[in-house]
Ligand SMILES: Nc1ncnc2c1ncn2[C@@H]1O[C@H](COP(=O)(O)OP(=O)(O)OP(=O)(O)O)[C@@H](O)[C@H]1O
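A lone chain, given as structure tokens: the form predicted alone.
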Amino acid sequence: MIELQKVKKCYGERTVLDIESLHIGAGEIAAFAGANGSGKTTLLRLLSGVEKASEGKITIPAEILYMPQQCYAFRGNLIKNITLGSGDKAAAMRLLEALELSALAEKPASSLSGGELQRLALCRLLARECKVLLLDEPTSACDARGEQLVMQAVREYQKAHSCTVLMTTHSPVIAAQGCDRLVILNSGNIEADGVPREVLMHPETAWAKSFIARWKIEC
């Protein structure tokens, strides 16, 4: 279970996140959407512990894995990046196969494209266990196939480990089809929250309606 109560994050006099109350149940896959600067990344940084809230209380399990928006690679090939020298190489290969990176397993990680690097970073996380998986724009550099592979791997991991998954996204496909819940943020505030189909078909505020209209999605 994840719970936020009266949580604010401020930089000087500027408030970038202001959430009165938010509850995420155990095992949920929740997507957070919104325009640039809406507070999505800040929220995940607070949940991960990378930053501290200015006010309020956050309750979250200790076993967290966090994939930031800016992915990185260690020196060495893809296998070494996942095992970090001591992990299960067979398990690493299974992850690479699932994300369609196995043909590149012995290549230097530094040679990957942006979308391949995102998938590698996800492999590195999914090789470990957690109670909460935090993914900041995990498909932003992926094409449609890469997006599909990422979401399939995330759902399989969630099912295997019964963990909670929170991700930020600009993808209407992920929001509509890949998640149990959709939360739309605007200027740090929650504009809409619920089952994705209901949120997308019946937005509660004018701003949420205009934001969803820009996605041009059929539910």
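Quick note: we count residues from 1 along the sequence shown, nothing fancier. Keep in mind that what you see is a predicted model, and the values were worked out from it rather than measured.
The same protein also exists as the form predicted in complex with this ligand; that form is not shown, yet it is the one meant from here on.
Chemist: Quick one: 16, 35 and 170 and this ligand in the predicted bound form, is every residue within 4.5 Å by at least one heavy atom?
Modeler: Yes, because 16, 35 and 170 each have a heavy atom that approaches this ligand to within 4.5 Å in the predicted bound form.
Chemist: Residue 177 near this ligand in the predicted bound form, any heavy atom under 4.5 Å?
Modeler: Contact with this ligand, no.
Chemist: Although the partner isn't part of this model, could you tell me whether residue 69 comes within 4.5 Å of this ligand in the predicted bound form, counting any heavy atom of the residue?
Modeler: Judged by the heavy-atom cut-off of 4.5 Å, residue 69 is in contact with this ligand in the predicted bound form.
Chemist: Considering non-hydrogen atoms and a 4.5 Å limit, does this ligand approach residue 137 in the predicted bound form?
Modeler: Residue-level check for residue 137: yes, a contact with this ligand.
Chemist: Verify the contact flag for residue 158: yes if a non-hydrogen atom of it lies within 4.5 Å of a non-hydrogen atom of this ligand in the predicted bound form, no if not.
Modeler: Residue 158: no, not in contact with this ligand in the predicted bound form.
Chemist: Of 147 to 155, 40 to 48, 55 to 63, 189 to 197, which is the one stretch near this ligand in the predicted bound form, taking non-hydrogen atoms within 4.5 angstroms as near?
Modeler: Contact criterion met by 40 to 48 only.
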